[in-house]
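A single chain, nothing else alongside it, follows as structure tokens in the form predicted on its own.
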């Protein structure tokens, strides 16, 4: 039977702790379900107290000593207090001090768990130099990013979404002549297939490009898909304003010359009640954004046509 993402993480962790002499740090590792059953019951697990300001500094020290630690941050919102040592030392140490600090940061995301437990913050760390940033959502993707971490000597920020932990299947990219390319990041990838079906009923065809390498942004499959379509839409589970979706959309527009829009969370805090939730863009919202993009493009083309006609008349 195929392994789930959680089982894949668990086996990777077991090998690292038992065979490589690695360490795993984190709060409440044993107390609350072994982090969705993604951590093995084995040696070299260090339980941290609820002292977010100091914990990352301990992990940095272990990394400098050559341990290559894994640190589990149970909710990405907790990264605000954990980030100082990571951003101001680990990410800068190789370039500034000539000292490598390879830390594997498992930062867990969760939807609609309140204003301090629902963050998806990979866009924040993309902004800082010195990191490799990824958001794997399948077993093979996770194996790939772990192998990448072990072959480099810089910190890796892994944006894990709890919604991926029970997944066993791999995601498939499509590249064919179509109207639009949907580029999905993190939990937004869950909703792409349904959005494709909604748009197909309206005569709008789509390519799908799954993106889990955010920094470096690995674009080959995305560029191939965009080359066969009229425009693109990058959809993320994080905030839209100044977020990963906008950054990658800008990058793709300059590389392809195609219009590429960005879609993410609304610019407001998320609550727990249904009325206050700020959810990952749904299939319906993705489809509506595509419709609006086509409408704006048609209006712009009409405006260009009117302007050209006026210019032609002015010259006679």
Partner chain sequence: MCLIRHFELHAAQAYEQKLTPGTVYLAVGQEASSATVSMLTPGYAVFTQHRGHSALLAHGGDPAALRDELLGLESGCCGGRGGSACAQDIAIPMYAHHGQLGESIAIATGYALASKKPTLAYFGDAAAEEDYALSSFGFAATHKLPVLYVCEDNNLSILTPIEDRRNWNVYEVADSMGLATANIDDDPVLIHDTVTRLLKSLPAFINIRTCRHLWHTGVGRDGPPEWDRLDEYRSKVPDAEAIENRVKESVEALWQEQLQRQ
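Quick caveat, the model's predicted, so the values are computed rather than measured. Numbering follows the first chain given and starts at 1.
Absent from the display: the form predicted together with the partner chain. The rest refers to it.
Under a 4.5 angstroms non-hydrogen atom cutoff, the partner chain in the model of the complex has residue 117 among its neighbouring residues. Proximity of residue 80 to the partner chain in the model of the complex: non-hydrogen atoms within 4.5 Å are present. Under a 4.5 angstroms non-hydrogen atom cutoff, the partner chain in the model of the complex lacks residue 61 among its neighbouring residues. In the model of the complex, at least one heavy atom of residue 276 sits within 4.5 Å of the partner chain.
Of the candidate stretches 188 to 196, 205 to 213, 159 to 167, 70 to 78, only 70 to 78 has residues whose heavy atoms lie within 4.5 Å of the partner chain in the model of the complex. In the model of the complex, the partner chain lies within 4.5 angstroms of at least one heavy atom of each of the following residues of 244 to 272: 271, 272, in sequence order.
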